[in-house]
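We begin with a single chain expressed as structure tokens, specifically the form predicted alone.
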């Protein structure tokens, strides 16, 4: 079996259907289309139930890959809507290529797996938890990661409930976890995150039940990032970690933000990856050149407080709370790294402590 290396490209998008930067990568011979295993994207929609920028991007990517002879259904596509504040729309293209030899130290490893199609009645419940856990274990096996401690980030794209899906379940005599389509996003994200936690041993199965999902915030994963969308009916799982036997120059590290302004956690993640800010607190140009990607979760605390002071994110009837959170966390991280192409995803149910969430950085070794 040939040696493998993970390749990761951060590419701009002019609009959600703009895949020209990825096509240019192929046309220049820098990457073969059949090496792509996953594509993450930040699109400029609202990140809510009716954010069709995600589906638009997936359609554009699928058509482009199919034209180049790639089965798009085998590529995990995770589109996260919402570029509030200064966040920049962009794609992260993950690929696995052949390497001449493994690196002397563990390097970035990636594994991708999919759950079966999830019926509406499974969302936000133990069926989704168990299916996600099985997919995480499969992705770890594909990546050659045996120790859960070597997993630094698990991205899950999961479905949500629509009025049509709720009606379809009812026609079969099945109930759903909620009839509120927006609330279903959080329930699906939460069940998916607990599936990650179950697979990695962060929680025990006897701690889990339908009633705990979206309620017991003491149960969470430190590495899960889950994003819900209308454009799919299965969970798509991407496991990122460091593993021996992989080549290349990339490595990943992570930390957990305890709240939305936990700048020290961001700095600890950067330090764990071998990056150090200059005296002013922000990465210098040479360090930014080594920083390939930043991935994080954002969530307004359910208490309505940040370090004892009241916030209004949950009370704003004009702008959804997760949109506020993405802008806030994105600003904190951008100040630390000096870059706005950040994959900051909103809605961190069971993904880190209440009001916080994981932050992961991928760097290029020197």
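Keep in mind that this is a model prediction, so the values were computed, not measured. Numbering follows the first chain given and starts at 1.
This next part talks about the form predicted together with another copy of the chain, which is not shown.
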Checklist line | Close approach of residue 202 to another copy of the chain in the predicted bound form, 4.5 Å, heavy atom | finding: no
Item checked: another copy of the chain contact in the predicted bound form: residue 142, any heavy atom under 4.5 Å -> no
Note to self: So, residue 35 and another copy of the chain: in the predicted bound form, are they within 4.5 Å at any heavy atom pair?
What the structure shows: no
Checklist line | Non-hydrogen atom contact residue 68 with another copy of the chain in the predicted bound form at 4.5 angstroms | finding: no
Checklist line | Partner-proximal stretch of 132 to 140, 220 to 228, 100 to 108, 162 to 170 relative to another copy of the chain in the predicted bound form, 4.5 angstroms, heavy atom | finding: 162 to 170
Margin query: in the predicted bound form, does each of 3, 149 and 187 have a heavy atom within 4.5 Å of another copy of the chain?
Written below: no
Notebook entry, point to check: Does anything in 27 to 51 come within 4.5 Å of another copy of the chain in the predicted bound form by heavy atoms, and if so which residues, in order?
Noted result: 44, 46, 48, 49, 50
